[in-house]
Structure formats: structure tokens, C-alpha cells
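Take a look at this single chain in C-alpha cells; it is the form predicted alone.
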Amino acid sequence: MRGPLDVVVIGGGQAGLSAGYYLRRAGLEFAVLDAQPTPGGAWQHTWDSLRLFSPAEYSSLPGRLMPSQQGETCPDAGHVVSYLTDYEKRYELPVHRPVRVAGVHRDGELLRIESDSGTWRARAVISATGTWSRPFVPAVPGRTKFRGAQLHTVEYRGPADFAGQKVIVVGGGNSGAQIAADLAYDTEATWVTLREPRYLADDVDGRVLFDAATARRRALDEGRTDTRGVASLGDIVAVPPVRSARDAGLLKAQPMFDRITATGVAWADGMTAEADVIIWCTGFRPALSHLAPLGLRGPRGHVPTAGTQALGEPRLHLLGYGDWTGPASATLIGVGRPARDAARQIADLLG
């Protein structure tokens, strides 16, 4: 049994590293437990053509600017992995990996963290496990009857795997648009969305999205009208590859189909589309199974919070899962502020 420590951080991606930065500054004794065997969080598992929404200087964690990537206005995922690896080393963050946490339990005045590398004990816990490990696929009639391949965003790597095939891409968010654009040239791709795609203005990048999310959180905290944040601007950031495919007329979305057949999909009006592959770009759910022993889950699988602090367990903070744990906290630029607030509240709690 290890500890007791002041804090155990569960998750070593961008949110966990940001938490570690501020915990170190607060003088707290902590450990970061990461299920991944190498640094970089979910960024090391994304598709090859993925680009950030913003230039490097607007995609940085606290304390260290991300260096620019030669030849790229918006860095690729590999550049982000290198940056996170360097960040972890630069600040000598105590990351233990691979460590997979099975459960967090109350243990008197401490929290007990059970993992495949043994038991840890801490006075507080920050959960920063993100969503990438919990891909969501909707229950569409006939899905189990399809004879082709089905995969989620997490399994997509690049168009070379689907050259010459008929591919249906499902999802009207950024992942759906980027993957549909990626496939538009070498496959017979059909892009399907629940509603007409809503592109943000071409000059909107991650900094604008962060400001919009922050303004919304401030308005809600002050009891003013909900600005709807990023949702008020649109659903899709027009990164250069998406913009090129859109302007070339290659990103024409079809409405959501009604059912899946053995060989493709079908709409209520009788229209059908054959497919070799269906790619579900339908989002994620928060990876919170390790918190089940605490009995905190609320609607939609979220843990009710005030900022990052769990309402039902003040020794627990949740970081990086979306706006409900801090404005834009699931982004590189946005996670710093809620990480700072979580570290400060924990320091105050522990005295």
C-alpha cells in the first residue's frame, strides 16, 4: 500500500499534467497514475491527418508555450504528443505508468485507490481520465445485421485503409467533418448528419472557442441568460482540410438514415446507400467507472459538481471532461484554469 499522499491524480493526459503542474506549485505531495504505457494521452491514438483547431501558441498548457511545428499553422497530433512528453519531463511530474485504476473508495479520512499496480491512499483525488476510452455508438435499428465493417472514430487512422470502398461517415461534429473530408478523395464516401452541418466562420479557431465557453460559464454563474457558448457559433471548425473539401463541393451531408441493412443503410422515403464500412463519429461518454464505488453518478452519467469539485465528495475533483467540469476544460488551452482552481481548493481543504 502506497501513501498516504496529499493527492492522487488519475489520468496522465493534458488534464492530469495540468493538475500536476499546479499541485507542484502548491507544494502538495502527489502522484499521477496513467493507464497509457507512454506519454501523450489520447493524442497518441488519433487519426493521422488530425490537426489542432488553433496555432501552437493558443494550444498550450500552463507554464510552457507549445512550440510551433515547422510547415504547419495548426500542429498535428504527433506534435502534441511530443509537447506533452516534454512537458511531463520538464516539470518532473511523478507519473506512474502503466497503472490502471479499478476503483476509488472511501477509507475513513482518506480515499483508497485500487489499481493493477497495488493500492494507493490519498487525502484527495483528481479524476482526469477523459472520454476517449468510452466511445459512444447510438442504437440504430439493424446495426447488428450489417455484414460490413463498423468502427468508431477511435479506430480510424487514414483513407488508405478504405481506398476504393463505399464508406458511410456518421456524425455532424468536428470528427465527422474531418474524417469525411479525409475520405472524400479516395473513397466513395457518404456523410450523414442529424441536421444540416453548421460551420463556424472560417477565421474562428480554438482561442475564440475558449473565450465563448468562458463567457457562457461566467453568464451562468452570474444568473444571466445562457449564451450557449460554442454551440451558438456552430458545430464544425473549418480547419483547412475541411474547408478545402467543403469548397470543392465534396462535403454534402445526407440526413440521418432510419435503419441499417445487411449491405448498407436505408431512409424512410425508400432511398438506400450501399456500404462496405460505417464509421461512427458519434462522440464519447466520460470514463468514470473507477468512481462507481463512491456512488456519485447523476444524470447522463455525470457526477454533479460545483466547478470541478464533486458535490457528494468534497475530496474529489473532476477535470477535463467538458464544460461541466470547467469552461473548455477538455481542450489544451482551456484545461489550465480549472486545473489551477482544483489545486487551490484542494490545498485549502487540506490546510
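All residue numbers are counted from 1 along the displayed sequence. None of these values were measured; they are calculated from a predicted model.
Keep in mind that the form predicted together with a small molecule is not shown, yet the notes after this line are about it.
- Although the partner is absent here, Arg315 is not a contact residue: none of its heavy atoms lies within 4.5 angstroms of the small molecule in the model of the complex.
- Proximity of Ala343 to the small molecule in the model of the complex: non-hydrogen atoms within 4.5 Å are absent; the residue sits far from the partner.
- In the model of the complex, the small molecule lies within 4.5 Å of some heavy atom of Ser175.
- Heavy atoms of Gly20 never reach within 4.5 Å of the small molecule in the model of the complex, leaving it off the interface.
- Stretch 125 to 133 is the contacting one of 260 to 268, 190 to 198, 125 to 133, 241 to 249, since its residues have non-hydrogen atoms within 4.5 Å of the small molecule in the model of the complex.
- Remark: none of the three candidate residues (Ala31, Val81 and Thr119) comes within 4.5 Å of the small molecule in the model of the complex, counting heavy atoms only.
- Only one of Val101, Ala184, Cys281, Val167 lies close to the small molecule in the model of the complex, with a heavy atom inside 4.5 Å, and it is Val101.
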